[in-house]
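This document starts with one chain, in the form predicted on its own, laid out as structure tokens.
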């Protein structure tokens, strides 16, 4: 189905993929693993014909014995979205924010088929349902920002499947999904690949998924293929040191053994906290116009505690965290920060006490202003909230925080786009801590990172937490990570906290 021969790709004068060759047969799922920057996504984008302006690729990309690199742009366009589809890693930046979800899923059918409007609608609803989207009729008219991260990823998957392609490229297709939905989506993709005899290039940082899901695995490092084999050959008897290092970075899921000091007091209290969304066509803030999505949640975090929060995609974890931070318009209940016995309401809109509670978001790239340097980004909250600091003091604090998260001072002059994913996430952690926050909310802080960088960031968070005594609400879909990072775990379902449990009971 697909054969790549001596593929070289790069940007301007810099070559980043160095003459790799691989193939994917009909009905086969081929995994590609490696650290960030190893060339996985550039290889995938070369096959899909989606390299950015200024990028180039050479070599042969044979699809059904047709060399795609020899086609004109017009000829290549007939393959995009129809014969070759792609599921991207970051659905929020891949979906058009001003076009309704149903219209975006329908677009490949408009371009590549002559189906009637009713036939297109039927096909769209069918593929949305197949991708695990409940109530697809309701979702048709919604915009991407109205969907949870997991729902957006499933909409991307539906869009990729709607034209029944022959080759599907999946670049981290389950990053934003909980383990239950991961299994559903992977089973869906596998069933379609086997039934229709498609080929699938599957790129993932999740080693356990690659091992259980793929038929063959390629390992990439610095733009070159290091090793290839069956999943058992790669994961049980790897030959190369690099492959062995990747595998050794997989979270072991051993429960955290240290405990919070019994004398530690409560640092954050959340009581009867609810978050509401406006209903369609609602104009006024009244109970009749609002829909309750987080329902009377109550919990507390102790000084120096890492409290886990788990639950299926769409259960309200991120909405709860944004509500606590004051990023949701309609809330009720209490959020109180306790410092030296003094209670400070964090829901007071006129208060500047927000610096006590900060957030590390899931996607480090979209969390940072791409037009500003790292130094400017880190010093911005100090300019706004620390009026007593002059320029030299702010600069010293920025350098101090860069050092605290393992980054060199020279990165202060760089832009987010010039940093790796792991470096950007370290900057986000520094940004959350630079004002002296007592509690941070980490919302899937490592889901977009490869396993070796994941381990570095998790070790960094744990080391900072132990050294500074900071408390953390840690949100994740990865149960192994939750087990090794957290002291206690909250379980959320349908907007409610259903239980609090210890690590031994988290599977």
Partner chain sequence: MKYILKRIGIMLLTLLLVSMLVFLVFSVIPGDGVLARLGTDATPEQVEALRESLGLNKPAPVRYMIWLTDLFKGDLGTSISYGQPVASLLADKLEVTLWLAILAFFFIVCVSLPLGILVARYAGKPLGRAVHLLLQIIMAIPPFFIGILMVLVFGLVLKWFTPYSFVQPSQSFTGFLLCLIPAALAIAIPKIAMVVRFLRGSVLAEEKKDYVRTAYSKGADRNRVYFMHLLKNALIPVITILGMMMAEIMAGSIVIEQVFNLPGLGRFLITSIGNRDFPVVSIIMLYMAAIVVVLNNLVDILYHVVDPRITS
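No experiment lies behind these values; they were computed from the predicted model shown. Whichever C-alpha set is largest while still superposing within 1.5 Å between the two forms counts as the rigid core. Positions refer to the first chain, counted from 1.
Here the subject shifts to the form predicted together with its partner chain, a form of this protein not shown in this document.
*With its partner chain left out of view, choose which of 278, 138, 122, 77 has a non-hydrogen atom within 4.5 angstroms of it in the predicted bound form.*
Flagged contact: 77.
*Of 217, 199, 95, 377, the one that lies within 4.5 Å of its partner chain in the predicted bound form (heavy atoms)*: Here the answer is residue option 95.
*For residue 84, is any heavy atom within 4.5 Å of its partner chain in the predicted bound form, or not?*
Flag for residue 84 set to yes.
*Although its partner chain is absent from this view, report whether residue 104 comes within 4.5 Å of it in the predicted bound form, heavy atoms only.*
Yes - in the predicted bound form, heavy atoms of residue 104 and its partner chain come within 4.5 Å of each other.
*asked:* Quick check on residue 170: any heavy atom within 4.5 Å of its partner chain in the predicted bound form?
replied: No, residue 170 is distant from the partner.
_Contact with its partner chain in the predicted bound form for residue 320, defined as at least one heavy atom pair within 4.5 Å: yes or no?_
Contact check for residue 320: no, nothing within 4.5 Å of its partner chain in the predicted bound form.
*Partner-facing stretch of 155-163, 124-132, 217-225, 330-338, counted where any non-hydrogen atom is within 4.5 angstroms of its partner chain in the predicted bound form*: Going through the listed ranges, the match is 155-163.
*asked:* Do any residues of 99-113 have a non-hydrogen atom within 4.5 angstroms of its partner chain in the predicted bound form? If so, which ones, in sequence order?
replied: Counting only heavy atoms within 4.5 Å of its partner chain in the predicted bound form, the contacting residues of 99-113 are 99, 103, 104, 107, 108, 110, 111, 112.
*asked:* After core superposition, I'd like to know whether residue 460 moves between this form and the one not shown (criterion: C-alpha shift of 2 angstroms or more).
replied: The answer is no, as the C-alpha of residue 460 shifts between this form and the one not shown by less than 2 Å after core alignment.
*Fitting the rigid core first, would the Cα of residue 403 be found 2 Å or more away between this form and the one not shown?*
No, residue 403 moves less than 2 Å.
*Post core alignment: residue 81 C-alpha displaced by 2 Å or more between this form and the one not shown*: After core superposition, the displacement of the residue 81 C-alpha between this form and the one not shown reaches the 2 Å mark, so yes.
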